[in-house]
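There is one chain below, alone, in structure tokens, taken in the form predicted alone.
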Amino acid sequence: MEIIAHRGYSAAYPENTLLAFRKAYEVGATGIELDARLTADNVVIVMHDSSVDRTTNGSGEVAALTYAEIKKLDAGIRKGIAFENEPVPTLEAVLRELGGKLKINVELVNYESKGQDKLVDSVIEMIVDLDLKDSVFLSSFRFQNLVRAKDLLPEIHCGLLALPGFKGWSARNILNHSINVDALHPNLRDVSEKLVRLEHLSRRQVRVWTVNESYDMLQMQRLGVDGIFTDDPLLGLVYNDPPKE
């Protein structure tokens, strides 16, 4: 079972920072998950939210700020004084440092903007230029992002994210049945033996978000999922393939 560090080792370090990604790599995570979005001047940065308010000492919408402005922000201080002066990384910086060393899941989070193909185009161009198509895979709640990514680079691995409960029903039952999707990424509470079996019969992988409790990690392993996204990759590694009695 793949242990993918959700926004890096975010249980202990500032999310979506190079520090969190390095620490995930150091403890032996299979991969890292990160969020990609565009600045006002079309630089791809790593940040989950549409604004910088929650995770940095700044304020404002990412899409309205230039990279020069975002570069000055502190993305570590919110996690504690020990992480002060940790910058917001660009996607290119992460890929150049860690690409090829572990799997990297890039979530395309252009959810607030309609028709923002520029993000998909930029990420695919970066993956091709750095020759990382075998170790980087894409995910998104927006199905059109994955369609466009496959059009640009047919061999890129793509996973469709599904919202929990009723809101994610179509993703789990309709939209994911497509050549544009290689994996389904459902919420923990929606995973069942039947879902895993049907996805595997369709030759799609199942990676589950966000699994942070030891009991749930063992349950996902029992159900045969291909991977879990977790804030605590070290805990995930401890409960992955535990010794049999």
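Just so we're clear, the structure is a prediction, and the values are computed from it rather than from any experiment. The first residue of the sequence shown is number 1, and the count goes up from there.
In what follows, reference is made to the form predicted in complex with a small molecule, a form of this protein that is not presented.
Novice: Of Val94, Cys158, Val120, Leu161, which residue is found within 4.5 angstroms of the small molecule in the model of the complex when only non-hydrogen atoms are counted?
Specialist: When the small molecule is considered in the model of the complex, the option within 4.5 Å is Leu161.
Novice: Give a yes/no on whether Phe229 approaches the small molecule to within 4.5 Å in the model of the complex, heavy atoms considered.
Specialist: Yes - in the model of the complex, heavy atoms of Phe229 and the small molecule come within 4.5 Å of each other.
Novice: Does Phe143 reach the small molecule in the model of the complex, with heavy atoms at most 4.5 Å apart?
Specialist: Phe143 lies outside the contact set for the small molecule.
Novice: Flag Glu86 as yes or no: does it have a non-hydrogen atom within 4.5 angstroms of any non-hydrogen atom of the small molecule in the model of the complex?
Specialist: Glu86 lies outside the contact set for the small molecule.
Novice: With a cut-off of 4.5 Å between heavy atoms, is Arg204 one of the residues that contacts the small molecule in the model of the complex?
Specialist: Output for Arg204 is no: heavy atoms all beyond 4.5 Å of the small molecule.
Novice: Hey, of 21 to 29, 218 to 226, 6 to 14, 233 to 241, which bit sits against the small molecule in the model of the complex at 4.5 Å between non-hydrogen atoms?
Specialist: Heavy atoms within 4.5 Å of the small molecule in the model of the complex occur in 6 to 14.
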